[in-house]
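Here you get one chain, nothing else, as structure tokens; it is the form predicted on its own.
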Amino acid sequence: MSTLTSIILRTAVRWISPLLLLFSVFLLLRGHHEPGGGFSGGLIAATGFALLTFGYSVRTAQRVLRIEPLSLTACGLVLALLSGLPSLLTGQPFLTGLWIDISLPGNVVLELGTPLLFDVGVYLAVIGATLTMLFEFAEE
């Protein structure tokens, strides 16, 4: 155990990081109807991993992430780009929002659309870019 981290910090990080990740998903999913979205959700998620880095180590945060941050950035950029293709296929301008209504039991309608795909792409790209920088700085 590093002499720079305390048991209080490690205990707090163990509880706060999962809550931050859950809150980031909440921000992501409500982003196209209310304030929030991929960017703010991605920053909150990256904060959860930053706390793991400060409380434990870069290796611990990388192990929990389970994927290279640069790969996460690339996947996010590709997904954000692909979210604009359905509008082109329907003859509309690139990145025009398209929606599908899915009826669920109990008269519940789930609205899924290309803006959510774009937000997920931004979410992944922001997490990946932020953590790439953080991990590089922390290893120095």
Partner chain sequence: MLIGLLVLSVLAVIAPLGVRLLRRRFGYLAALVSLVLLVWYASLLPSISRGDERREVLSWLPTLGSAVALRLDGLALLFALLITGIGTLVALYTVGYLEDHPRLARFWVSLLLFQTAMLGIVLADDMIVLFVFWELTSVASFFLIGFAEERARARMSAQQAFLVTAVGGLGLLVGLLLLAKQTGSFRLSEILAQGPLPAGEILVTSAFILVLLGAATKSAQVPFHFWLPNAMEAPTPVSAYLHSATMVKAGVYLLARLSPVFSAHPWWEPSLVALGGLTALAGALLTVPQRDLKRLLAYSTVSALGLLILLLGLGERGAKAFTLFVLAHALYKGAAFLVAGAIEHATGQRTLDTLGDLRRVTPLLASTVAIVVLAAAGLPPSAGFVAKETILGVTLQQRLPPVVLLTSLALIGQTAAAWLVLRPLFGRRPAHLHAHELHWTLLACPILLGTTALVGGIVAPAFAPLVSAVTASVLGTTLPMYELAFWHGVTVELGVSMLIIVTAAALAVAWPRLIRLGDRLALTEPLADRPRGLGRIGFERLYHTGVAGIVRLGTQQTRLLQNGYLRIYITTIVVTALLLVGATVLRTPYLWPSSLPSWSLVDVVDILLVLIILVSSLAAVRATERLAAIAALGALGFCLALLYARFGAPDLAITQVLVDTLTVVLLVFAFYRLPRYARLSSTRARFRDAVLAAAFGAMMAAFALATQAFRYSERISAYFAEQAYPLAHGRNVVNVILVDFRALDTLGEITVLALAALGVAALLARRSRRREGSA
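Numbering follows the first chain given and starts at 1. What you are looking at is a predicted structure, and each value in this text was computed from that prediction instead of being measured.
Below: the form predicted together with its partner chain, not depicted.
Does the 4.5 Å heavy atom contact test between Pro86 and its partner chain in the predicted complex come out positive? Judged by the heavy-atom cut-off of 4.5 Å, Pro86 is well away from its partner chain in the predicted complex.
Exercise. So in the predicted complex, does any heavy atom of Ile8 sit within 4.5 Å of its partner chain?
Worked result: The answer is no: Ile8 has no heavy atom within 4.5 Å of its partner chain.
Do Ala80 and its partner chain share at least one heavy atom pair within 4.5 Å in the predicted complex?
Contact with its partner chain, yes.
Indicate whether Thr130 is a 4.5 Å heavy atom neighbour of its partner chain in the predicted complex. It does: once its partner chain is placed as it appears in the predicted complex, Thr130 has a heavy atom within 4.5 Å of it.
Residues of stretch 75-99 in contact with its partner chain in the predicted complex (4.5 Å, non-hydrogen atom): Result: Leu77, Ala80, Leu81, Phe94, Leu95, Gly97, Trp99.
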